[in-house]
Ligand code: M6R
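Next up: a single chain in structure tokens, the form predicted on its own.
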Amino acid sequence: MCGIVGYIGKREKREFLLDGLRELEYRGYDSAGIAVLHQNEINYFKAGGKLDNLIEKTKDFRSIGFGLGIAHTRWATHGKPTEINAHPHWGEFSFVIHNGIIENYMEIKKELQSEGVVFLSQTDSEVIVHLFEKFISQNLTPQIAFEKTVQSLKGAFAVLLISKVASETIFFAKNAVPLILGKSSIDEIFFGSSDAPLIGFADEVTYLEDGTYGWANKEEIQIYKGSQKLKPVFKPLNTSKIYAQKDGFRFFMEKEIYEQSAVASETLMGRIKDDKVFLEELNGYDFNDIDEIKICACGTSYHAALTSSYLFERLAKIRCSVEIASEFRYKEPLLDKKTLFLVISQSGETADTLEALKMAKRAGLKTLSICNVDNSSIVRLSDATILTRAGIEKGVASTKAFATQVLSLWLLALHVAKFNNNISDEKCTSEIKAIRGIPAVLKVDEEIHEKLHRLSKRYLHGHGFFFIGRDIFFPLALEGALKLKEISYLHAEGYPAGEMKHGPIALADSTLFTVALMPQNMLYDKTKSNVEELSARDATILAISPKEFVLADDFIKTQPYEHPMSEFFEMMVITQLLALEISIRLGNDVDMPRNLAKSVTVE
């Protein structure tokens, strides 16, 4: 997730901006840059890689006296993580930084190019500065020009823009991406994509609403929503930097569970247009000679792969098999060139998955990856990549990475289905309607979270957990069990609900906890029968379902969604929160569980 810092005042701009970016490193990035407007001159610096590269580039730069500056760390979405694609982007006399995704950037870009504008980068962000300067060329005031620019943009964005035509002003806009405005007692103004860069500098902050825009200088702060002028409400700023990085949550994992709604929006941004899936990354990617998909992954990514195997066969009508990468490497697999080899990795550096990909490449298979880190080893090696856009995930136990992997795979299944004409227009429209609703599904229900907090005290002892489900809810059961054992250190297993009577039910007694995933839209009666068998053996049942289940010892009521994937994502959040609350009660380090690493780069 990109980071933004902005400043107006007499402080040394370089030092403040770079320190602010340092506070945002936890968000993840692949390049960084700053621009400083001082005495009507703009100095800018950009560097790929780590922030230290930018610090080295700017070591001889100083800006004494009143001025303003903007700074950015970029997580690539459009265009490779190169210096030219790093922010800020510039026009003839203005610079812009931007977080988020401009959905209609191609339309704006083509129009501007037809008018003679030359673009330097591959990013969607660059259209903002050129659009602003186009409106300035029409003799509009900078304020009106910026207002018209913002009104032209569709998508999610946090924007800071500076220009020589208003040399003491920072223009800003916010929609569906965080942006905070702060001020100090000595007439300084600050901007940040989180609290962290502002702590120790700003005395008060206001958290900008979606759909707002405005401008700030030493004389005034103006904020608008549509044509309505708003009066900002400032509140004192918390003084803990770690608290700020966690946005007030107890652990990064908890914060990342709550972030899933926002990152799902980013995953979908620009990829659904006019009720059609649009995967720009797969332009020119031919599925005509593909009659099977083989997926390789590890851990949580393996569970995302299993989920998608149901979707590929159900929606795209194409055979799909899933392999654990560490097993695939040594089984002397038979590989056919009509097989699409798909790998999934959060980091893009997972050793076993990378080696499996190399095997597929040597065998001449067409390859595709689902990954969160652009320019990683797996991304570089794959023929094409769909980036999940989850942003950095600090909690070792994956949450939002899993959610965005499944969402990306669902989009891919629909893309393949449409490419091969294996799905009707009506079915595709129905699927896309459900996909559009997933960000709302992923919003955490505070009442359910509180109930899970209270229930968790009953699940601290016993001889283990069964997580059970059918169809797509079987891999979700596997993932729920993995989350629990990763951070609580309690024994947990995921099973297909129908497998209970084939052996595992021998473990059933009052100290065996069963978490039953019971969606109304996917084999409810069959699953209910399996849970009843466990209840009859005195197992303790925690049922998660939109339908009341009288035999449950504990019950979490979910929403009655029409689509099973909507139920999937709601139940995913509930199992994540259950694991979180049990682990917290046990006094464990939720973010850094013992014996685990975030990126597994060895066998």
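Counting begins at 1, following the sequence as shown. Note that the coordinates shown come from a computational prediction; the quantities given were computed from them, not determined experimentally.
Absent from the display: the form predicted in complex with the named molecule. The rest refers to it.
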**OP:** Tell me the stretch among 115 to 123, 343 to 351, 87 to 95, 444 to 452 that has any heavy atom within 4.5 angstroms of the named molecule in the predicted complex.
**Re:** 343 to 351
**OP:** May I ask you to state whether G299 is within 4.5 Å of the named molecule in the predicted complex, using heavy atom distances?
**Re:** yes
Original post:
Quick one: does L409 come within 4.5 Å of the named molecule in the predicted complex, counting heavy atoms only?
Top reply: no
**OP:** Evaluate A397 for contact with the named molecule in the predicted complex, applying a 4.5 angstroms cut-off between non-hydrogen atoms, and reply yes or no.
**Re:** yes
**OP:** Indicate whether L482 is a 4.5 Å heavy atom neighbour of the named molecule in the predicted complex.
**Re:** yes
Original post:
Considering the named molecule in the predicted complex, which of D195, E486, E266, E254 comes within 4.5 Å of it through any heavy atom?
Top reply: E486
**OP:** Using heavy atoms only and a 4.5 Å cut-off, determine which of T73, Q405, Q260, S308 is in contact with the named molecule in the predicted complex.
**Re:** Q405
